[in-house]
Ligand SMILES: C[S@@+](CC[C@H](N)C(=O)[O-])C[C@H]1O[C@@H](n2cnc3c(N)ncnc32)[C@H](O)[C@@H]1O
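Just one chain is shown here, as structure tokens, and it is the form predicted alone.
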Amino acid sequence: MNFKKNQELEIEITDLSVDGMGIGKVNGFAFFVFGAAPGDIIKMQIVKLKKNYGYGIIKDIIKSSPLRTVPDCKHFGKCGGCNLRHISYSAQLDFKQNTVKNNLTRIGGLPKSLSVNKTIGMEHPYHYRNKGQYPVGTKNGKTVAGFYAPRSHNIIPIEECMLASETDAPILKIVTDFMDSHNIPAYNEYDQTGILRHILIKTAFKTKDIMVCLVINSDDFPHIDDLTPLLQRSGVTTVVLNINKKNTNVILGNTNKTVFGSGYITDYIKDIKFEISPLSFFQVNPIQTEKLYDTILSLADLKGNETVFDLYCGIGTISLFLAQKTKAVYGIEIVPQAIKDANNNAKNNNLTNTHFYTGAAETICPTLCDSAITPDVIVVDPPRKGCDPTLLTTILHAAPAKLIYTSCNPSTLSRDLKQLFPTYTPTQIQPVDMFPHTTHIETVVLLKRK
């Protein structure tokens, strides 16, 4: 059958893609449809055709899927924040469990009989993000802040985000109104003019500290001394200017100037205290982070006399949890500022059995082993691209009895585990929903040496 752009077809949606699009087939030809749910029968209009697949939009829902729910955000489908809000939360959790299993069997080569635990979800999956990064621009002569539309840099102004902290939207309005009243131009990425590029907001859920970091294409922000009191009255505890004059899509520059407050916020994960600066990585969902770290501790099953390596340790969040239960923890991270924060966090929590090193894990880890520091347990929490191949070889040479791999990307997790499987057996696979209403999924895998 020959298909044409703008042609309308009736199609049954049978599956979801990894980015949350409904998948259906007509005469064996696959179509991807945003906002469609498995079980839907829809009238679809073709908007793009490739050699072996196409994309469509919903023109009419002929029969609604039992998994479908009414999206409770007016920005759904416009901004790039959520892509599963049209599907019930229980169905989202099932989808994520199946995504992990499908990746491990298809990419990792594990048997289809592999058992993956049910996804650990949230009781109230709303307003869970403690960090928001909002691009700033101009529309119809007014300053706006919000999120980019999917696959574009077109800013969708956000009046309220169902994922972000409820204090974010009022802060965005204060800043954008102030810019308009003081004729402060937003950054224009096409000609690199203007002042304000992004507004970064970090919120501490337990201490209620709020940081506003203004990312600027300049050495200073005009009238900042007049803006700061307005932000203070809205609950902001520190204001920072981050200078980024580069023509780049990287949000933050390397230079921070504290305008008001300490330049960082303080928050807790359970009883562990953390100082969080603009450049610090900190899990964005503190409620689920506690469940994630409880899972890691449970799987590690520490008895108190083990040596643990925490690779890609960041600011030491996992390291400090492990340190409460074991003899010594060695954290390794390539970002110098993160290691500085990790040492401060260990000091603030009176944990003296932690040791942090700046550098690539594949370089530091063998050096530690050569100096007779050998790990009983290795915990690894890499970025989305997964582990460096050299690091996987390093882990195999270190040969810990247990390896705990925490991943935010099931495909790179599966790729890396395939290299480890000849030596290690996965005994527990636990998905944790850190990002409700999106397709992102965190997975913790316990592997034991054969």
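Numbering starts at 1 and runs along the sequence shown. What you see is a predicted model; the values in this text were computed from it and never measured.
One more form of this protein, predicted in complex with the named molecule, exists but is not displayed; see below.
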query	finding
Contact test in the predicted complex: G77 vs the named molecule, heavy atoms, 4.5 Å	no
Partner proximity in the predicted complex: A149 to the named molecule, non-hydrogen atom cutoff 4.5 Å	no
Contact label in the predicted complex: P382 to the named molecule, heavy atom within 4.5 Å	yes
Non-hydrogen atom contact T317 with the named molecule in the predicted complex at 4.5 angstroms	yes
Segment assignment from 325-333, 97-105, 80-88, 249-257: heavy atom within 4.5 Å of the named molecule in the predicted complex	325-333
Answer option from A361, V116, I171, L196, heavy atom within 4.5 Å of the named molecule in the predicted complex	A361
Interface residue in the predicted complex among Y312, F221, Y134, Y264, criterion: non-hydrogen atom within 4.5 angstroms of the named molecule	Y312
In the predicted complex, residues of 287-301 near the named molecule [heavy atom within 4.5 Å]	Y293
